[in-house]
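Shown next as structure tokens: one chain only, the form predicted alone.
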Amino acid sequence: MRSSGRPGVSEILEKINFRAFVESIIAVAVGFLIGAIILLAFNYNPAEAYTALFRGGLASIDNIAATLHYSTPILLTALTFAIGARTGIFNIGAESSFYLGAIAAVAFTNIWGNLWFGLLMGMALGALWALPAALLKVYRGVHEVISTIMLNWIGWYLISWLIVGPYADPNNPIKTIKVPENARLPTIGNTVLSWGFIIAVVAAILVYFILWHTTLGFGMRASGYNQRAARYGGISPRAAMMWSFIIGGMASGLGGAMKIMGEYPGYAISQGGSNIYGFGFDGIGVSLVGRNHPLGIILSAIFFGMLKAGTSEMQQTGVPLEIVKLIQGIIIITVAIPGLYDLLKKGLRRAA
């Protein structure tokens, strides 16, 4: 028995989730090992390729800035999935909330050229777009996977029409009209990194504070563990799920708005939505790697950003883009497996 009230080593390790940290490190190592085997199978030098990958993501201030730039939008879409997972919801609707946030940045900053107005409207439209899935889940019991997939497709076709229709640039048909200069996120130094990264980190810390240090967050997590027990304790699982969708939608909407308002030098949505597609789906992997914890997601988003930033350097060693993407996909899947296992285990426990 300890004589003082100070926590022991085992308690400290448990508090920082040391086991999850070690599992993630092992998963990263396994992912890189499998990637190395594939590179060898195609007669490429793994040491040379991986050195180039890390050099492309970390070797200079500009490369680090590119890594953080790539990590910004997926950090926010990962928060959407993580908030849902903590509330017992498999919310994959970040993709379409991201689209709505992006178009809100284009539309509303051209009405009133103000940075904060554009960000707020991105958050508002992201949350508004998540509402149908929330209402269907809470009041009709429609599974969120079905409703969010449908919303993703509806959002995609809506945004595709808006890009070539009302918001098409008449002087440049390959993109929408630009976000006005006075509503753009300033870059940090002479890099591609905007202040959006700082805002995204603050958002992750804020989500952590809400989930772990407020009554609302306690209710959301309690509902995620066991709805019947939460209801017995006076918590409304319906309200918890509603807030989960709303806060998640706000995070992805903010990500979409910042993607466009801080994307030097374009500041517009490309035709076909090529520069806004896929960030919501990437966020699922980022969240799983970060164990659905807002602070873990900051690190996992930077890891994903590093993989993206190092792509061109890795290609310069002679590895084709297809192989680079294959290697990165294997690493991501391997690293996400422990988080996916935890999520499935919790889901089975709730269903029992």
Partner chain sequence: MEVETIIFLLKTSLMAMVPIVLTSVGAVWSERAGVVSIGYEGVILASAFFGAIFAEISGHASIGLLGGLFIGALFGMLHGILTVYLKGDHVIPGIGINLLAAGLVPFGIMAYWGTAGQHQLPFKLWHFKIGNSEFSPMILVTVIVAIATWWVLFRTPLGLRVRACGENPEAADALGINVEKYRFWSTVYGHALAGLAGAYMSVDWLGLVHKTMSGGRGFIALANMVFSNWNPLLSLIGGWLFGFFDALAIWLAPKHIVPEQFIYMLPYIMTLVIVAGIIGKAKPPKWDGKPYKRE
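Heads up, when I say rigid core I mean the largest set of C-alphas that superpose within 1.5 Å between the two forms. Predicted, not measured: the structure shown is a model, and the values here were computed from it. Positions refer to the first chain, counted from 1.
Not pictured, yet referred to below: the form predicted together with the partner chain.
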Seminar exercise, completed: With a 4.5 Å heavy atom cut-off to the partner chain in the model of the complex, the contacting stretch among 48-56, 61-69, 22-30, 321-329 is 321-329
Seminar exercise, completed: Residue within 4.5 Å of the partner chain in the model of the complex by heavy atom, from L131, A124, I199, L158, is L158
Seminar exercise, completed: Note: exactly one of V164, I111, A229, I205 sits with a heavy atom within 4.5 Å of the partner chain in the model of the complex, namely V164
For this session: Consider L295 of the chain shown here, and say whether it contacts the partner chain in the model of the complex, taking contact as heavy atoms within 4.5 Å.
Result: no
For this session: Answer yes if any heavy atom of L39 is within 4.5 Å of a heavy atom of the partner chain in the model of the complex; otherwise answer no.
Result: yes
Exercise. Taking the shortest heavy atom distance, is L288 within 4.5 Å of the partner chain in the model of the complex?
Worked result: yes
Exercise. Hey, in the model of the complex, is Y264 touching the partner chain, heavy atoms inside 4.5 Å?
Worked result: no
Exercise. Every residue in F90, V142 and I337 with a non-hydrogen atom within 4.5 Å of the partner chain in the model of the complex?
Worked result: yes
For this session: Give, in sequence order, every residue of 110-149 that has a heavy atom within 4.5 Å of the partner chain in the model of the complex, or say none if there are no such residues.
Result: L136, R140, V142, V145, I146, S147, I149
For this session: Could you check whether the CA atom of I297 moves 2 Å or more between this form and the one not shown, using the rigid core for the fit?
Result: no
Exercise. Between F281 and K325, does the Cα distance in the model of the complex come out closer or farther than in this form, changing by 3 Å or more?
Worked result: closer
Seminar exercise, completed: Against the displayed form, K259 vs E322 by Cα, in the model of the complex, with 3 angstroms or more change: pair is closer
